[in-house]
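Provided below as structure tokens are two forms of one protein chain, presented individually as structure 1 and structure 2.
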Structure 1
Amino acid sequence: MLNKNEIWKLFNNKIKNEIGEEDFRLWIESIKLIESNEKEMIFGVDSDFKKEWIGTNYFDIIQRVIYEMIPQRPKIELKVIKGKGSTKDFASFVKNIKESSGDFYFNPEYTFDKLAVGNFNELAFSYAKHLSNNINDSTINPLFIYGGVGLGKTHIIQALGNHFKGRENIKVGYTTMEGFLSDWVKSINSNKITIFKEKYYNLDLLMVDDIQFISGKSGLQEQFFHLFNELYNRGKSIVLTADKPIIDMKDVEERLVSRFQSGQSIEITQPTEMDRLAIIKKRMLDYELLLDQEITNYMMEHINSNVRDVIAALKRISIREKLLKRKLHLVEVKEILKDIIQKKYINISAVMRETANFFDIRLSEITSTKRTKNVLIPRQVAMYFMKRLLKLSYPAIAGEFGGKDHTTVMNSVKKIDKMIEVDTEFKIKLQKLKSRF
């Protein structure tokens, strides 16, 4: 295991090579390595804005570089530490954080006012707003919000947290499922179960991101089951998010699935072109931007994956214009967004086309009513990838296949999932098809 100084020197060199001298100087050079071991690495930054910017734009790179250096793949965290201080001061700060019984972080950027609402997230937004005014409404408890990566699930539930934050009569808590696991394990290792229970069991509103990570972890499921029951039976509100619907979560105890299904389940779908345009216009106001139509059109055409990429792009443009004290030209925008734009986005047409080519059938047969095996399997595969890769809703997928019933799509996706589990050769074939996308 490398010591902290060696890790830091190697990390800086690798990151600098990855993102370039200028971006490294602006964003990475000032962060500090607070703590490092085989289980976790904690970095300190000096502002909430910098924490969010680094988390949005560079966290994936930081994580990949560290995992290349440290095979144990430690958990990586960014912590805001305002003011200057020594590494020793940082270490004391981290120690205090670890021993705190009730601190939950809510990103001040995530408010209802800053959320762009469209057809893709309107229902989830409405339920969250309703809960903000009716925290004890048992008819929507628990509220389960699911959808693909980067569609704004975290924004919605943290906006709910920010709405209640600071009220003396309401205790709200937010964590990821992995963060909950980390708190639980630390409390056991340090013999501080009481502190853990004080943190979670006294909440009026518990919000947990990425609940799907509970899958296959029996001990964690047991612990969360008891917490869920305790809060639910006392009439406290619970909001959960996941990247998939409840019925698609595997290796989760039936009693937990039953409780997750007892409230309201809402899907956030892929934003349409009109949704993305609304997001761009709203966020331009938030970041004091006035983009030319040419730049807006370029973003609309090339960033169609998720909300997070749209917002990340606008932030980059905003900070660069503030640094240069002038508006950017399209060629400059293309340069600073190239790592976002260069992602190979797939769409419905690509899935249809490549699936038909791979299985050597005509494109028109994919959406036909034929039920011969040579057509039926490719059709089910196309439905599978639309769900698993594009994160489309079952009704939306059904609409692409001549308005079939959405249960047909659900059954098709389940069938392909099962075939992948039991047929290694079929699994390899699908991996080859996926690589074409």
Structure 2
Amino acid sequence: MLNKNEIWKLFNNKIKNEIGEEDFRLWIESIKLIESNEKEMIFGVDSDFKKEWIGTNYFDIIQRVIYEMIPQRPKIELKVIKGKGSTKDFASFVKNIKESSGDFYFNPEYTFDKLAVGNFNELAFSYAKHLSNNINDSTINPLFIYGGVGLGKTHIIQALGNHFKGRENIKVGYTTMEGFLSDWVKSINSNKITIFKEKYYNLDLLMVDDIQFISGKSGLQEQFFHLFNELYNRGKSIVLTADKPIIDMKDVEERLVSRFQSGQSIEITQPTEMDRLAIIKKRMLDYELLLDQEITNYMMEHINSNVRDVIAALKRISIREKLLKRKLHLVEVKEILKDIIQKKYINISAVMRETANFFDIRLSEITSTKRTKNVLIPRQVAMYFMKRLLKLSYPAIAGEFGGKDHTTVMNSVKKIDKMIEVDTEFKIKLQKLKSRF
């Protein structure tokens, strides 16, 4: 089981993973925890400037990471304070909360009526809606929804959970595969298997998010297989999500793969411009924004990475407008969305292509499994740029390279970080390459 230090480490690692080592050191590392209880957490920063900057650029991420760890969703506040608080307080706080939560949690913001529906997510949406009216439809059991990061998988299945909330006769559970593992380990360590069984084996509908986490973990696969069969055989419904199709998940036992494939498998794809406009219009009021057409058009055209970025952009604009107590001009919007927009210009395929060209190898070799040095280094460099420049998650990068293990990607990025640190010539070389993207 995770101890205090490990939990604190996890929090830091998650944030570091998302924003990169450099930004982490610059902005996040010095944050202190001032106040913490179930209702609120106050983080202390040491200047007004930092407060504004962190609030605008990193608040979303901090909030998301905290909420992933603490389902009670305490209110999070940044305060300018000097020298108080400690990281230890935070860790013990998280630990207490984690251990006290036996129930399932549904984010009240994730409802069906907040979802914009378009070609990209229509099927997933319809199937989830259908389940909400026909919870025992065995023809779609299990319902498997997959797609890249930030496309609304969690939102859709949590909406299904919210739909059933308060219905005494229907028990609905939601967890991530990571959370399932943590519950299981906890129950063994504290001799509370019955509580674990009570929580998971009596459900009418079980939803497990991000099941790709199961790859290569045989003990977890065994446990999950057991639960899956038990529910399935009793005609209970199961909904699963992952960041890739089932066949692309590595190191998953055949018997589980065939179970996962036995229902309906639905993809959520990248939203088109029109979809993005619909999302902006649907969600802007949630953030108390009334954006001019000039601005919505700009966002629609330029934020083409995923829905999460569209939402992050709305939040940033909203925070800034509140701070300034006025509407923003297009130039200002452009400025505060700069890093989100950049993703449009430097995309994954450009990184692959230019890196291959630069090192004089074929594009197909970069994603191959070849391990000769002339191919290995360029591949690791491409991974490095996807992490440090495009800020993709490790599993997403692994997916780009034919579903390698994400720890391979992690190690590659680390290795290139090191090489840049010790080898100036190499560093200059990569700067040259970077300018070509």
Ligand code: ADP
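Heads up, when I say rigid core I mean the largest set of C-alphas that superpose within 1.5 Å between the two forms. Throughout, residue numbering runs from 1 along the sequence of structure 1. Values in this document were obtained by computation on a predicted structure and should not be read as measured data.
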- [ ] Please match the form predicted alone to structure 1 or structure 2.
- [x] 1
TODO: Kindly check if the Cα atom of K334 is displaced 2 angstroms or more between structures 1 and 2 relative to the superposed rigid core.
DONE: yes
Task: Rigid core superposed: R167 CA moves 2 Å or more between structures 1 and 2 - done: no
- [ ] Determine whether the C-alpha of R255 shifts by 2 Å or more between structures 1 and 2 once the rigid core is superposed.
- [x] no
TODO: Provide the displacement, in Å, of the CA of E288 between structures 1 and 2, taking the core as the superposition reference.
DONE: 3.6
